[in-house]
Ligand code: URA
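Read the single chain below, which is given as structure tokens and is the form predicted alone.
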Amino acid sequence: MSVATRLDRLLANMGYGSRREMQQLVKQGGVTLDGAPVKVADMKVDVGLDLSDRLKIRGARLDPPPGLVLMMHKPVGVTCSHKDAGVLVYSLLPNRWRAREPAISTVGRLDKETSGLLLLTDDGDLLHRIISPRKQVAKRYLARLARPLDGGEAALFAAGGLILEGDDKPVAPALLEPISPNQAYLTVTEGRYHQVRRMFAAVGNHVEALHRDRIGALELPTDLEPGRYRLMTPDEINAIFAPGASESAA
């Protein structure tokens, strides 16, 4: 479903410049629609999925319009924040995208030392659907541990009674899948602060490396290199909520 909006307002909200600057750009012939120069900056345009194919700014294809959803392969050493010191995840996006309104936000967070699948969107409703505790969207992590598993962790995590240090409510059941003495997948349906690291700490172990490879039934593509991102398809977005994707963590 498309929404009609003023062209100059749309371009300003997408970070191309102020509305006055967009009006001047139109006068200079810098905006074309379906191959023809736009004559009126306040014309209404339908913000549909095909707009980026139809509208060009200074000869370049229009950025993805509002409603974008990205998947990113977050590298280690990058922070999911707008304000913290160091390299921020938003610095991996085009500069103009950081001026967009509504703003692009990460869907939850991965800590600085965790890599893997990270979603970003300017769709607030979708963001809240994904992180809502009621949806119980499963997230799978590959953990490399300092010490070998002792064999009792899977049953303990699956029981759902583990209380983490500083919490007063036990964590929900989680699925542990050992793949070597010092490596395992852990699938959780909550988003507590440093949850995976704290769960292993609670059983006397330490996570040396952590990587998220799956959200719901959506897997990080093997060809998406660290630091790279791409737009998600509707099928990929639906995979986040695929039936059975969260039950595997129970």
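Given the structure is predicted, the values throughout are model-derived calculations rather than measurements. So that there is no doubt, residue numbering starts at 1 and follows the sequence shown.
Keep in mind that the form predicted together with the ligand is missing from the display, and what follows is about it.
- Between 109 to 117, 167 to 175, 124 to 132, 142 to 150, the stretch whose residues reach within 4.5 angstroms of the ligand in the predicted complex through a non-hydrogen atom is 109 to 117.
- Among heavy atoms of residue 214, none comes within 4.5 Å of the ligand in the predicted complex.
- The ligand in the predicted complex is not approached by residue 189, whose heavy atoms all lie more than 4.5 angstroms from it.
- Contact annotation: residue 210 falls within 4.5 Å of the ligand in the predicted complex, judged by heavy atom distances.
- Proximity of residue 194 to the ligand in the predicted complex falls within the 4.5 Å heavy atom cutoff.
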